[in-house]
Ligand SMILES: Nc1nc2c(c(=O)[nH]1)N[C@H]1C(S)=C(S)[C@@H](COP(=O)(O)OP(=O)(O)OC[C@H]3O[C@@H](n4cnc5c(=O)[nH]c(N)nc54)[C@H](O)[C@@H]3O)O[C@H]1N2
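Next comes just one chain, in structure tokens: the form predicted alone.
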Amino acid sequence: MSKNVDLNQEGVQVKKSACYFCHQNCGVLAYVKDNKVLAIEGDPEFPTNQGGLCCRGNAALLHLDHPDRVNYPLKRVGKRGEGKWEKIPWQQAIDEIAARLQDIKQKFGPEAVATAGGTQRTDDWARRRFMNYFGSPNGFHNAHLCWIPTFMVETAIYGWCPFDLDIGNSRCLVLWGQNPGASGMPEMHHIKELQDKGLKVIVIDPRFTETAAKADLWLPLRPGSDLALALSWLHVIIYEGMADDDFLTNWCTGYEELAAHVVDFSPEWAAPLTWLTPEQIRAGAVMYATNKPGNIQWGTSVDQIGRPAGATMHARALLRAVTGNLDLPGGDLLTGPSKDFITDEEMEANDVLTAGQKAKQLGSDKFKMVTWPGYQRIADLTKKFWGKAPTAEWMCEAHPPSVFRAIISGEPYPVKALLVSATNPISSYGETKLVMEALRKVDFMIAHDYWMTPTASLADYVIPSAGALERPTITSSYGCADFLLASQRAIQPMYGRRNDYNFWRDLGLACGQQGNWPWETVEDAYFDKIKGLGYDAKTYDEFVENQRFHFPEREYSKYKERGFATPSGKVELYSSVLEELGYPPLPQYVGPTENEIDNPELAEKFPLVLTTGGGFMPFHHSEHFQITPLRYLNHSPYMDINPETAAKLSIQDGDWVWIETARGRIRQKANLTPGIDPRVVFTQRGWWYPERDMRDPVLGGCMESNANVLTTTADVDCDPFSGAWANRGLMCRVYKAEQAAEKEVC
């Protein structure tokens, strides 16, 4: 809140907006006069933040009118990446883009157009709706690394993903690869309050993080060895008499097969694989199983370990079932989709995409769980049981590395256009050199963004996006939750900006999709979505001002009346859906994508284990690096290394060092900390330098400190269920920067 602005002056309105600078989507009160935001503060009545805002949220006004924002449509007039642009009107940009897309469609088919999307601060259903009517199945996000494979695997087993925690009634919380103390401050605040009231907290993380420091039990496992830990916990719970026999007998199938399957996965077996002691492994299993009801909170780490990811998700999911911690008070809830409002899936128009086009989705022949083969099976089951399906926009994705390879090779067919919305693939997708090659080669590329990112610098058109205070939003956990949080735009978009709904609708109309976009504004679409809730509101803004949230009354143990949305109607420990799709019906052990046991020659050259990092304040993914006060808080990229390891390598605190894998190397500064195993290093993700030359080949130094240079997206290294690639548990080496060979890093 600004102390220099008179908020009591005549004409000041208070708008119920939101912060979109991470997934928390915290509530914001914006003080507005004459379409200008005078000040903001956290909304004390909003359930996520209850009035507080972190440094990201408090930077909203700096983001709103930052001098580096893209404010008008830009058309490339020089060579690609040369940095020469012409400012053009919005409609001209839309018409020219549409004409080019239609030409590509006519020559190569609609599947030759692909789209890369961003995180949950955009109207993703609108993008999917455009693509479905256009006829292309090739939309994707970074969703493969962020919960989506977990959702699909768990839905195959339970009939929905229990991502909604009844944590207020819980006695134990397992934070598996999650560090809310650094990435989600409101969440950490609530956890600490509950911990003070007796909640047990287990943190599974290779580092002694901010959250681990507050845990009742910290398990510092080897990065990428989560599967061995989960299988061993199953062994302990089953063979040491802590399983919920009543739940297993009445509501599960395949228990005998599971028990026989995990008989050899003892803590003694898992200890050398996880670097934990048998006592630590057993202590974690006992704490979780005996403090019931309990929760396992998803974190991104398992989604990012590559080859073992799907089996790990499966094994972790089974832990809830064998302890009976599903859909009970204080447990992990199976809410299903909303029965009260129109879901995102119902607005995506998935039925208009033909079976022939669905079959062309890139990656669907290899990675079936998060493409049309797996999604269609899940959608059929959930529609029969719940009446609705999960959103396809997140749960049914083309495989991004397969799209990039199709752009480069033309196989299995050419991909000629890429529409990039609210994402920066150069920074955020695995194996950056592959991504860079694809973006330089693709015939036609659009970037719809706030900033001139490294990716946008290679585009043919850059379209300005409206920001947090300039657009409304509905938060409903990727369109898969039964609740919603609604916010209104504080002001109309400044300059020539538009929100993404306008972009997809206008582009759709220009591509001949008349009659398929009945909502002139996104508020019109949102009101259609929520008007069936029964609240006394005549417009979307009226709903926000008077109601703002919808939380249905919580129902527990629904399975006692209806069963589960699986073929058997029970929790399928031995999964018929996975087996039907060609995957093991029980979680088979596989080692980390790269490891010292299976790959001794690689480990000899690259002796350290790499984890490429989670989110860190004040940034979110690769965002906010342009905002000076935020950059002041974290001005340089740092990697964590144990002092013992650093001493052997003659590295001192603050030294620039190279981190190298078989794919390449990057530079970051050394942060010496005893809070990491001497065999492990941790790099920050998302780094680039917007203050540098944004023209090709420098592109804001996007390769110099970018952790994705180190990662692998080779098919053999990806999760066979989903295609999730390997960001963690890889082998690397570290050395001082001045020891490096003389060559330019750009």
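From 1 onward, residues are counted along the sequence shown. This structure is a prediction, so every number in the text was calculated from the model and none was measured.
Heads up, the form predicted in complex with the named molecule isn't pictured, but that's what we're talking about next.
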{"query": "Candidate stretches 619-627, 481-489, 263-271, 193-201 - the one whose heavy atoms come within 4.5 Å of the named molecule in the predicted complex", "finding": "619-627"}
{"query": "Full three-residue contact with the named molecule in the predicted complex, heavy atom 4.5 Å, for E111, G363 and S457", "finding": "no"}
{"query": "Distance check, D449 to the named molecule in the predicted complex, heavy atom within 4.5 Å", "finding": "yes"}
{"query": "G508 within 4.5 Å of the named molecule in the predicted complex, heavy atoms", "finding": "no"}
{"query": "Contact test in the predicted complex: G224 vs the named molecule, heavy atoms, 4.5 Å", "finding": "yes"}
{"query": "is_contact(N727, the named molecule) in the predicted complex, heavy atom dist at most 4.5 Å", "finding": "yes"}
{"query": "Residue among Q357, S170, T253, T119 with a heavy atom within 4.5 Å of the named molecule in the predicted complex", "finding": "T119"}
{"query": "Single option in D327, D205, D164, E660 placed near the named molecule in the predicted complex, where near means a heavy atom within 4.5 Å", "finding": "D205"}
{"query": "The named molecule in the predicted complex - contacting residues of 486-502, heavy atom within 4.5 Å", "finding": "D500"}
